[in-house]
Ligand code: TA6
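Presented below, as structure tokens, is a lone chain in the form predicted alone.
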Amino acid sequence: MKPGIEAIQFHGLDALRLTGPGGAQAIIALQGAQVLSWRTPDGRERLYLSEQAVFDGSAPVRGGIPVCFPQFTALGPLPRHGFVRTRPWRVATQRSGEDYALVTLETADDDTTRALWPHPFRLELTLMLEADRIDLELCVANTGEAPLAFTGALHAYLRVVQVEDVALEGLRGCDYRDAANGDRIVRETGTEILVEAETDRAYFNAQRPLLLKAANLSTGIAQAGFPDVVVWNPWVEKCAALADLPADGWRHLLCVEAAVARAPVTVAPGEEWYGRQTLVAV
């Protein structure tokens, strides 16, 4: 099967299916520019998408890789994780070659966004699919006449068989804000992070490559531009309180997010900011 891109419907959402080398596939929705699926040539799904996710536009879709902008989590006056996850995006460019398929989606401010956040902007999200990896690049352009400041993330839900059996390497020595334990600041001293309870940590200035060790779903993770890494799993009780997650959903996901979670990034008028996350099947 040759690499290519086709328009599809995914649970009623307008979407694009990218086909890469060896039959690798990715699906990205025009709602929120959200990656909803990534399958490697072995047919394994690498992202977690909740079977109880909402696809009617009334709420963000639970799973995949949502774009959080211009606010990360509830750290500010805007809706949680900002307002672009349910906005319509449009296709700006798409192309494919022998060893890749690539699409760029974009959205911009309008009366609705300016009522919440008074800044002109343009966002572009580029997804490139290769045989064993995906690259996501977010561009934030300030199209106004005053500086804008934002926080945000590429909120990747990685699929695992059992989260209790995985380990995340690469964050030793980083300070993190532990939102599951009173927002206290902690220094990571372990070589591996194990998930044994609710986990909600924002690791600051985390620039080393990461490795999610998860048997035959292991994933290498790298980022650029984004200064922070967020690691999240709701565990049993919080999962039960989320209507769009099944009761055992916590067991099959670990979010490892490229984020601006500590200090906002400021973009000067007429300037652009870029952040990238790369996921590699290993």
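Heads up: residue numbers just count along the shown sequence, starting at 1. Model, not experiment: these values are computed from the prediction.
If you look for the form predicted in complex with ligand TA6, you will not find it shown, but the lines that follow are about it.
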Only hit among V67, L253, I221, V230 for heavy atom within 4.5 Å of ligand TA6 in the predicted bound form is V230
Name the single residue among H119, R133, R85, R159 that comes within 4.5 Å of ligand TA6 in the predicted bound form, judging by heavy atoms. R85
Using the partner position in the predicted bound form, report whether Y203 sits within 4.5 Å of ligand TA6, counting heavy atoms only. no
Is F72 close enough to ligand TA6 in the predicted bound form to count, meaning some heavy atom within 4.5 Å? yes
Using a 4.5 Å heavy atom cut-off, state whether R62 contacts ligand TA6 in the predicted bound form. yes
Check R80 for me: does it contact ligand TA6 in the predicted bound form (non-hydrogen atoms, 4.5 angstroms)? yes
For the chain seen here without its partner, which of 204-212, 186-194, 150-158, 108-116 has a heavy atom within 4.5 Å of ligand TA6 in the predicted bound form? 150-158
